[in-house]
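Single chain ahead, by itself, as structure tokens, in the form predicted alone.
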């Protein structure tokens, strides 16, 4: 990425416009191709340095229909929301360009400048580190990130403030700062220098050079569309499959006490989730017919339908395939949603997509770290993540499949694909244990429920939820 020393030549405006439009359409044409990508442009800087003017000029040089601009006021970072959640749904699809006036860095600066207790350097740097990791995940998933800081000297800023029409002042409240204060100006310059080493720094003194440098920065990003790597690590080590997954327990719960115990546990689980100050995300993965649906039904039994959401995850839609893999899950997780249950989840990338070849080796091997960062961000935003892997024996699965085929109201649960998947039984077990090895973390551990007895599984799931919530 370019830096403060970036060199460029001024081009004739018509020539630059043609190049930009050609690059725009070439980007659109990458959709679904081996070099497909989108472009997100983060715009930040000193007020009156010409950010808006440069973007306006860019829009005149390109086809404006294919350049989206989103502008937001700075909002302080809050403990119940990840820094990326306000912007997740605006991450562009392959072939698209999005300019974000107001982004996670704007919010970070606003927080650092306005919190009652000043944000210390280590906390600020920690945010920057996680933001860069998020941006790298975007780039790995075909979203190129260009970060541009428009700079302006203190002397020039004061002169422009003297000359500005008072009616325009309401547009110039970035970070809510007093731009007449040298102390605040110096503070924001010190802060931005803590994250701007990988940014393009544009001097806003000369309008022509400013606009050209910005446009040529975007042009360079548009023209850079290499093919995506698809080879994984040759050093990949598979985890050993525990015997319990080959031979799940056949011990049955005591029928005389099962209903009473389940009734008590469903009430306790509902109260625990309802009263917990955190959001609760429950993830179910496992073998077909292992009891995910039955367990979910018991979990929500004592909850009001308005208190929870259930997402049943299948194959991604075409519009989802054109965005980062986790995008369809980012957009399903909002701070206001107290309880969310996933029947299948983001782990599809390292399970079915790995096994069936829907993801390249590079994609599924990379996904473990992407998922860990995703779950860590959620945990830091006051969300508890409870993950279950349900498994049964292959013999028990066959019996349940047959029972479904013979039960009218359950026939929809069994398909030819379910029977075909049995041929990949060992592959799924191997993918599962690799998943446990790579993604069972302190903030989001895996809970393996390996039993052929539905009742035992349900009781164990309820007890595990209570334990992770701290209620048992």
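Residue numbers count along the first chain shown, from 1. Worth saying up front: this structure is predicted, and the values here are computed from it rather than measured.
Just so it is clear, the following notes concern the form predicted together with another copy of the chain, a form of the same protein that is not shown.
- Residue-level contacts in the predicted complex: of 402, 301, 224, 250, one residue has a heavy atom within 4.5 Å of another copy of the chain, and it is 301.
- Listed residues 235, 183, 277, 306 were compared with another copy of the chain in the predicted complex; 306 is the one with a heavy atom within 4.5 Å.
- Although the partner is absent here, residue 442 lies well away from another copy of the chain in the predicted complex, with no heavy atom inside 4.5 Å.
- In the predicted complex, another copy of the chain lies within 4.5 Å of some heavy atom of residue 64.
- The shortest heavy atom separation between residue 72 and another copy of the chain in the predicted complex is within 4.5 Å.
- Interface membership of residue 60, defined by any non-hydrogen atom within 4.5 Å of another copy of the chain in the predicted complex, is confirmed.
- Although the partner is absent from the chain shown here, none of 229, 246 and 423 has a heavy atom within 4.5 Å of another copy of the chain in the predicted complex.
- Segments offered: 269-277, 184-192, 142-150, 347-355. Contacting another copy of the chain in the predicted complex at heavy atom distances within 4.5 Å is 269-277.
- Residues are counted as partner-facing when one of their heavy atoms sits within 4.5 Å of another copy of the chain in the predicted complex; in 392-422 these are 408, 409, 412, in sequence order.
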